[in-house]
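A lone chain, given as structure tokens: the form predicted on its own.
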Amino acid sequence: MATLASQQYTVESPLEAIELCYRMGWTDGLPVVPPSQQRVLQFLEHAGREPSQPVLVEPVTGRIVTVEKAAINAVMAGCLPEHFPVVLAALEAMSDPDFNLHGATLNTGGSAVMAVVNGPIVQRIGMNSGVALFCPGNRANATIGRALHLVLWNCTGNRPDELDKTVMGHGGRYSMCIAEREEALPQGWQPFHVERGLPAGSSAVTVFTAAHPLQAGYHGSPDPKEILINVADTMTVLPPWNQELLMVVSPEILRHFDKARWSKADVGEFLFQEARRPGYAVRRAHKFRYSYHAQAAGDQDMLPVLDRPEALDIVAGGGEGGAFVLVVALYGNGIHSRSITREVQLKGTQEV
């Protein structure tokens, strides 16, 4: 049996344990599940990982998050043991230098860690990829996303009384985790993690530093061009030359793409060409801040929101009966933080 290094406390009742977590500042404002030694050990056993193994290091402060600390926070978030491998994979993805953990999660503008899960594990742990996709209600979605932010809260100092100086904040810091609705993808489209180079039968999680989402869509026509003109118009509130931008697309729109035989590349190319704003308007709105082409741009130039067509990430998701997309910008226009995908590693020969 693994030996835990964390300090342990003795309390008289579950309610007293919850209140202890409040007094110690270990909660995000909502009640947490008291992390008993037995429960933490169950998570470690399920993952088959050593408690002392590092999974995340805060790059500026040097604070180390071990598998044990991750398990404690996953328990507190309300996860089940079978959710824990997804949490670990997401934390390992967040440790990639290109994710820019410190800058992307501690900036004054505010951003949230958003996780997108793919593969067979979505069905195995009962994740939501459909109706009310970004809403409360699904345990796996809610608790996996919450666990990531509790780790930052309790282990890396990402909290207002320590390192976090966000001016307004982001509601997604409670939880922002979805699964891709892979069965809704048009013919010939690959799931997101397969596009990233992982095998089709694998499970994976991708982490993004998400700004506040923008909803767009058009119900008046099945023509992809007419639908995407509306999306392009919504996108023009964003600064130009985004290096990466995420778009979550509903099944209704995906069916229109399928019928018209549009590929992901077609969608990216169309939005690259159509989502543009004149240079004078961008300059007047002070949206050149993170744009490395700013000095060469003229007032009459039509400046693209996307740096190139391939800068658009497309994920299937959401319920039926609505031609909607959700556009999610990344911290610093995707220049200062990039999304990272990691395969979910399961103990031994467990099947997902």
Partner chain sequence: MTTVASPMVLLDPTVKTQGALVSTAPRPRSLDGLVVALLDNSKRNADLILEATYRLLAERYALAGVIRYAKSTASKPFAPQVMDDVVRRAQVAVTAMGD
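Positions refer to the first chain, counted from 1. Every value quoted in this text rests on a predicted model; they were computed, and no experiment measured them.
Keep in mind that the form predicted in complex with its partner chain is missing from the display, and what follows is about it.
- Across the options 230-238, 177-185, 95-103, 209-217, residues that bring heavy atoms within 4.5 Å of its partner chain in the predicted bound form belong to 95-103.
- Residue-level contacts in the predicted bound form: of 282, 76, 246, 271, one residue has a heavy atom within 4.5 Å of its partner chain, and it is 76.
- Its partner chain is not drawn, but in the predicted bound form it has a heavy atom within 4.5 Å of residue 69.
- Among heavy atoms of residue 324, none comes within 4.5 Å of its partner chain in the predicted bound form.
- In the predicted bound form, its partner chain sits within 4.5 Å of a heavy atom of residue 40.
- For the chain shown alone, residue 143 is not a contact residue for its partner chain in the predicted bound form, no non-hydrogen atom being within 4.5 angstroms.
- In the predicted bound form, its partner chain lies within 4.5 angstroms of at least one heavy atom of each of the following residues of 24-44: 26, 34, 35, 36, 37, 40, in sequence order.
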